[in-house]
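One chain follows as structure tokens, the form predicted on its own.
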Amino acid sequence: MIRVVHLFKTLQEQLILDDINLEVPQGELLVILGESGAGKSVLLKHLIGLFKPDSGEVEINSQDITKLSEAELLKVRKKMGYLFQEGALYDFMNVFENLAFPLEEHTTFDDQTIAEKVQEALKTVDLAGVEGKYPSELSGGMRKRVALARALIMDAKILLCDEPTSGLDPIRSRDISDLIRSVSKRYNCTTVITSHDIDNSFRIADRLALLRSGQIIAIGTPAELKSSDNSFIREFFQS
């Protein structure tokens, strides 16, 4: 479970997050929507401890990670997966090496176990057989799938995805959105996604939160937000 309490963050003298309060129950898929600059990615980075707030709490399974040392935070992160907007694969490593790297760094698994886990992760994202390819040899959609496999390879129970459909055509956007929901539900991950992709977000989300000027102005199921009489919400979703 994720719980954010009275979170404030200022960057370069600009208030980016303004009293954010949020709860994401275990197994829920929440999509955070908002205009560019609304604070979506900054909020996501707080959930994994890449940013420290000016004030407020970020609880992961009842533990406030804002008070943890880097060593303590690393233990929490081992059960969290982060899908970066551009995938953030290592160009100098092939697919197998990219997926094996977290296991080699953070576990004591032997080579055979690592190889089996890499194969299993690639099957999960429907990419069996690409182990020897380098990121430059993959399409944009395939790179996103490899990055998703890497995010999950440590048996993550919390999955954070920053703009996962960015740069993809409509068909690939739908595919990666469906895949994220599928693996999230299969492994009972608590999943938080930031997105500009309104159509796919409404299709896959259990709930959606709308961020505006650093504040959550609406949160609810797709049906609840579609029926809102708030003028900004209606305009945003019809744009």
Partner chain sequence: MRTFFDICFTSLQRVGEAIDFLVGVCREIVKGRIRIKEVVKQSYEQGLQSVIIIALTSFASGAVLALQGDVVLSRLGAKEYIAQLVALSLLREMSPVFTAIIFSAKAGARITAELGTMNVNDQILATRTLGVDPIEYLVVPRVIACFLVLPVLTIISEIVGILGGYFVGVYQSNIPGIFYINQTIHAIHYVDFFSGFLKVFFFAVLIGWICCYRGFMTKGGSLGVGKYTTEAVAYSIIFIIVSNTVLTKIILTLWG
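Computed from a predicted structure; not experimentally measured. Numbering follows the first chain given and starts at 1.
Omitted here: the form predicted in complex with its partner chain. The next part is about that form.
Worksheet entry | Heavy atom of each of Ile219, Glu235 and Phe237 within 4.5 Å of its partner chain in the predicted bound form | No, none of Ile219, Glu235 and Phe237 comes within 4.5 Å of its partner chain in the predicted bound form.
Discussion item. Using a 4.5 angstroms cut-off on non-hydrogen atoms, would Arg77 count as touching its partner chain in the predicted bound form?
Written reply: Yes, Arg77 is a contact residue.
Discussion item. Can you tell me whether Gly49 touches its partner chain? I mean in the predicted bound form, with a 4.5 angstroms heavy atom cut-off.
Written reply: Contact with its partner chain, yes.
Worksheet item: Though only this chain appears here, would Lys144 touch its partner chain in the predicted bound form if you measure heavy atom gaps against 4.5 Å?
Response: Heavy-atom contact with its partner chain at 4.5 Å: absent for Lys144.
Worksheet item: Taking heavy atoms only, is Leu89 within 4.5 angstroms of its partner chain in the predicted bound form?
Response: Yes, Leu89 is a contact residue.
Discussion item. Can you tell me which of 191-199, 55-63, 24-32, 41-49 lies within 4.5 Å of its partner chain in the predicted bound form, counting heavy atoms only?
Written reply: Contact criterion met by 41-49 only.
Worksheet item: Glu105, Asp126, Asp169, Asp155: which sits within 4.5 Å of its partner chain in the predicted bound form by any heavy atom?
Response: When its partner chain is considered in the predicted bound form, the option within 4.5 Å is Glu105.
Worksheet item: From first to last in sequence, which residues of 202-216 have any non-hydrogen atom within 4.5 angstroms of its partner chain in the predicted bound form?
Response: Residues within 4.5 Å: none.
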